[in-house]
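Coming up is one lone chain in structure tokens, specifically the form predicted alone.
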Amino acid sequence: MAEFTLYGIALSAYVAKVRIVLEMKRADHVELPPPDGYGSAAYRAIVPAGSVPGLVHGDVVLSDSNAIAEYLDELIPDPPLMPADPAGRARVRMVLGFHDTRLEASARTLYPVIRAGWRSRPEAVAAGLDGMVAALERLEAMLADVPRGPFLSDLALPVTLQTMTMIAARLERPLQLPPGIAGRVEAVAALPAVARSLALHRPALAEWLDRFDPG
């Protein structure tokens, strides 16, 4: 039996964050979809929050991708995915928080627009895409002071940025990543663990987009 069980779906950038950490740590794990879907009573009986990702490690049950990622980093020290100094760790957590509450959220604002038929809602599309650009500009400024690892903050970004660029392309407004982000993420995306999550996520998002916009 695998030491860790990860509950998740291929579409989630938060699940990808944890999957990447598990693979970077070479942790013995299995990934399963939430029984009856996340939020279900069956899944909440395992992971009380009912959200993905969920992690089960013996009698330890965790939700929240950042809590899980730091738990794994402390439990399995090699390779270290947080800086050694307090300021560096604080900056990584700062970017992780921005990723979860601002960057990924900027893409999520377009989900209901896509579901409702984006071609008939040009103002909502423009506002959502402008929000993504603004979030990227803020992220680029923040990253200037964040050490390169790869650290947890680096590993959180590639799948979310893939989400943003794929959505923008589908909405016929191609998204150009700022150079300070593009160079940093390009190096991280070459890591096998990151490349695998990108490959899992890409068709899942394409299928979701096709469901509401078959073209």
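Each residue number is its position in the shown sequence, starting from 1. Remember, it's a predicted structure, so these values are computed and weren't measured experimentally.
Quick note: we don't show the form predicted together with a small molecule, though the next part is all about it.
Visitor: Answer with one of A69, V52, I167, L157: the residue that has a non-hydrogen atom within 4.5 Å of the small molecule in the predicted bound form.
Guide: Checking each option against the small molecule in the predicted bound form, the one that comes within 4.5 Å is V52.
Visitor: Identify which of R108, R138, R93, R102 has a heavy atom within 4.5 Å of the small molecule in the predicted bound form; exactly one of them does.
Guide: Of the listed residues, the single hit is R108.
Visitor: Looking at 146-154, 58-66, 159-167, 184-192, which one sits within 4.5 Å of the small molecule in the predicted bound form if you count heavy atoms only?
Guide: Residues of 58-66 come within 4.5 Å of the partner.
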